[in-house]
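As a starting point, one isolated chain is supplied in structure tokens, in the form predicted on its own.
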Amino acid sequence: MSNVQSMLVEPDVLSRVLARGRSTGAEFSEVFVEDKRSTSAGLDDGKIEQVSSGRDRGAGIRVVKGDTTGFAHTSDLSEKGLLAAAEAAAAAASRGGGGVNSVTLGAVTRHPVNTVEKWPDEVTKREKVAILQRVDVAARAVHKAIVQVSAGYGDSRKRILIANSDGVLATDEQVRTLLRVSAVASGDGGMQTGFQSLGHTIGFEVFDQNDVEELARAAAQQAVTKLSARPAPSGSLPVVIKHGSGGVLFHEACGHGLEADIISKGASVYKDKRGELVASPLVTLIDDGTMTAEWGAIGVDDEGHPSQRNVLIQDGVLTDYMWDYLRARKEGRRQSGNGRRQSYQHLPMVRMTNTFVLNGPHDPDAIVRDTKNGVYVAKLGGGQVDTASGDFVFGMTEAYLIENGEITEPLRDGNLIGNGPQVLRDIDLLGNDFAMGNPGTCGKDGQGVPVGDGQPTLRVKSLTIGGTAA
């Protein structure tokens, strides 16, 4: 990844803006500047529906005085515009008087998470559209039952700058390239959908390194296979989750509960559990923003702290939470590189990056053979989680019966119903075939940020299946 060659705002201007933010006696001020270019294209029913490009540019100013935070944002990056936003943020944080505070800025070294060979914004729209057309042809060729193919392409190139009154001056340049494909098959059992996606924090070379036709064929084959699916069973059964497909379970069912702002609100089942056994001793859970080229990789977080690898659960024992600036300062802890925001128009909060479970000792095929009767989940869908209790519901978008230790018939969509802490304790077999899953967007308090997740094949000894079989 190339370094940001020119400052989005000059350091002397940043110093004056930060000082203006603290002029009413606030103890902390921060400037977050963003310049983002993006392109998207969509295909539906063989036709290119839209190709669009956009640019978002602006700054958010945060001022903290005691327990009060003032925030203002502006699209005017002139010194006048930034000073006006700083005054507004300072006024929101405090109506009292105070002196002028000067600050000397020192550069922060970003963690190098990847390199870019083909900058997406330098690739023609024709080349991007051609990717979608290749996907459409490949998916339709799988089977005559495929009646519809939809695909979406997206890329972004974002430059950010963060400066604060602690002397931090950090920059990053983040590039993401994404492809999604959905295929619909029609048969006697109605219509079924298959979905696959591909996304990395690298440039257009992602399509040289990955087979987009194979991605399309996988989505189409998933849809065709589901045409012959039988209703999913109901009740409690052992569940084997394929590698890479169940990381979202850990992201939702326990990851959010390990975010320090959720902890501080008393809204997490993991509050005051550090040092306690909260999972099977097989489980080590990591959040890692340094993970090269993965969807949640960042050089620095959106508060200017270098990304890092954080061990959250070690051999089943809860070791730490994820921290942003405000929560770390209040608790006397070090930041963990998890302060993230959707854009310059938003305040940062504690967010995950790439969250995953490390490899275990077991052969994945042996895990299936050891399961006499159960359900094999090849792909999980979306879900809902109550962080205070850990209770969750997740959709199974691709699943199969396990009968006498073998994967047999496909199942129609059903739900996995359970409790996050209980699932962590009930993992009794953990494979050695770790894989990351599909790129995702994590929503929290109205903000979305890119995240990744993953895990090896694993077995939960008992989960409730919400199916329709009698």
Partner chain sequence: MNVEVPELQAIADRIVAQAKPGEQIEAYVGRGGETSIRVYEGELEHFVSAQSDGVGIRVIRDGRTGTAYAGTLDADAIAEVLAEARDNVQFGTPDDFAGLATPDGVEPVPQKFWDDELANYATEKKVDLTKDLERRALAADSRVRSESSNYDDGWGETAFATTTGIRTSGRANSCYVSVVTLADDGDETQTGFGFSVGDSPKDFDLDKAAKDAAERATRLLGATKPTTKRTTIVLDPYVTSQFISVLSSAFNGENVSKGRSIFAERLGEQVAVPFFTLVDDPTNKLAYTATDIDGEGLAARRNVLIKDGVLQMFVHSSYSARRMKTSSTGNATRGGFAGSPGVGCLAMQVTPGAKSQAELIAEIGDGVLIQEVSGLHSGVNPISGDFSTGASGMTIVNGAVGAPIREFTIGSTLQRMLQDIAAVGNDVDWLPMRAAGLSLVINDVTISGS
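Positions refer to the first chain, counted from 1. The model shown is predicted, which means the values in this text are computed figures rather than measured ones.
What comes next is about the form predicted together with the partner chain, which does not appear here.
Not one of 134, 188 and 403 is positioned with any heavy atom within 4.5 Å of the partner chain in the predicted bound form. Of the listed positions (391, 205, 370, 173), a single one reaches within 4.5 angstroms of the partner chain by any non-hydrogen atom in the predicted bound form, namely 391. Just one of 352, 149, 399, 86 comes within 4.5 Å of the partner chain in the predicted bound form, counting any heavy atom, and that one is 149.
Looking at 293-301, 159-167, 232-240, 211-219, the stretch with residues near the partner chain in the predicted bound form, meaning non-hydrogen atoms within 4.5 angstroms, turns out to be 232-240. In the predicted bound form, residue 345 approaches the partner chain with a heavy atom inside 4.5 Å. Within 4.5 Å of any heavy atom of the partner chain in the predicted bound form lies no heavy atom of residue 437. Using a 4.5 angstroms threshold between heavy atoms, residue 382 counts as touching the partner chain in the predicted bound form. The partner chain is not drawn, but in the predicted bound form it has no heavy atom within 4.5 Å of residue 361.
For the partner-free chain shown, 412, 413, 414, 415, 417, 418, 419 of 398-436 come within 4.5 angstroms of the partner chain in the predicted bound form, judged by any non-hydrogen atom.
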